[in-house]
Structures are given as C-alpha cells and as structure tokens.
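Just the one chain here, laid out as structure tokens, in the form predicted on its own.
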Amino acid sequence: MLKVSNIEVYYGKIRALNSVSLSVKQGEIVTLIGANGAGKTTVLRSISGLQRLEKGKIEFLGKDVSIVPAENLVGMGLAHVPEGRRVFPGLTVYENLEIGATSWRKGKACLSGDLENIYELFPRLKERSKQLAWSLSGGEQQMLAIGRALMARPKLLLLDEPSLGLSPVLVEQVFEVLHKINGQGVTMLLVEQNAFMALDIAHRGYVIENGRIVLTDTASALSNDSKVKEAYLGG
C-alpha cells in the first residue's frame, strides 16, 4: 500500500532524514519508534504531503505521490492524525467530524453511518457532540482527532504520538480502539514514543535514529531485541 524509497529531507542545511526507506502492506499496523528528534514526525509529514522531499520517492497504492498536494492525498485515501491533536477549537465535536468528510462528501450527503461508527468507537464523542472542541479534555481531543481522520474514510491512517499527554488508562483505551479500527480494514503507520504499547499492537516495526532507519523486524522480534529493550522498553 505504501512504499517509501530513500527519501531525504532538509531543514535549512540540516539533514533531518537520510535515505529513509520503509513499506506498509494492506491490513498491517506498522510502527516507527525512536527517540525525540530522531525524525519520526518528519517521516509522517513527508508521506502526507506536508513536508517537501529533497530526494527519494513515495508511492501510495502504486502511484508516485512524492509531489501530490496533501489535500489530494486525503481524497486518495490517506489521512494523518498529527501530533498535538490539532482539532478546530472553536467548532463543535460534530462540526470537527463533519469537516473530516470533506474529501468525499457531495452537497448534503448523509453522514449518519460514518458518524455512528465513530460514536460506537468513542461513545464520549456522542455525549459531547454539541460541545466546542476546546472544552474537551486531552483524551477527548485525541479521540476527536482520530475520529475526524476516520471520517475521511481512509485506506491508510498515519498516527503521530496518539498517547502523548494521556493517562495510562486512556492510553490503553486509545490503543484498544486502534486495534479495532485495524480490524475494520484500516491500515496504519504509527509513530509512538510508548514503544511497548506500539509493538504490542503492531505487526512490524522500524527503528529510526538520527534520521536513518537502523533496524526493522516483526514487532515480536523487536520487543525481544536486547538493544531495543535497553533503548526504548526500559531495559
């Protein structure tokens, strides 16, 4: 579904990504783990068209999308849940979800089926549907950010640090929902500092250090790798 080949990204004269290559097959959850500043967010921004490539190629569903605008990628089936949630604070929960359907909705096309799926995954959003997004808790805003992305009917969902700032109980809830979403047929590329949780639900993983992929394997193998344990799993 996704093939990233030797991409390089620069911020000014600083090389943020160095010949990064990875792939995601249909139906998989693939996780990208690494320390702060390793380049994880830049990889996702590059894939979703928010960051210009200096070199390399990105293919999605067999098409070269290296220079395709971000809004066109959403229409092709690629949705990005950014770090920090980025919900629209002055709009209601319902309005945020409605905006998520912009890429496919024509006129006043009915959203009830899509909304019902989101509300089933996140019952709290149904209770809060008329509230302004700024008034939600951090966990509720994260649910809304994921729900808004799902309203785009994505084939591939990019998630950047979905557990950031959440309590341990909410982290478990969010990851349970991600597992359900994958069971509904949505493929995922997951960036997550909580490597233990990420590897627990992923099929495969990549480790990135200083803008370069240094290791890739099945999630279970990475979980049992001594270097990964020491660096990312608390020994």
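As the structure is a prediction and not an experimental result, all values here were calculated from the model. The first residue of the shown sequence is 1; numbering continues from there.
The protein also exists as the form predicted in complex with a small molecule; that form is not presented, and the subsequent description refers to it.
Stretch 40-48 is the contacting one of 62-70, 196-204, 40-48, 175-183, since its residues have non-hydrogen atoms within 4.5 Å of the small molecule in the predicted complex.
The shortest heavy atom separation between Val24 and the small molecule in the predicted complex exceeds 4.5 Å. Contact annotation for Leu170: none of its heavy atoms lies within 4.5 Å of the small molecule in the predicted complex.
For the chain shown alone, Ala16 is a contact residue for the small molecule in the predicted complex, at least one non-hydrogen atom being within 4.5 angstroms. Mapping the unseen interface onto this chain, Asp114 falls outside it, with no heavy atom inside 4.5 Å of the small molecule in the predicted complex.
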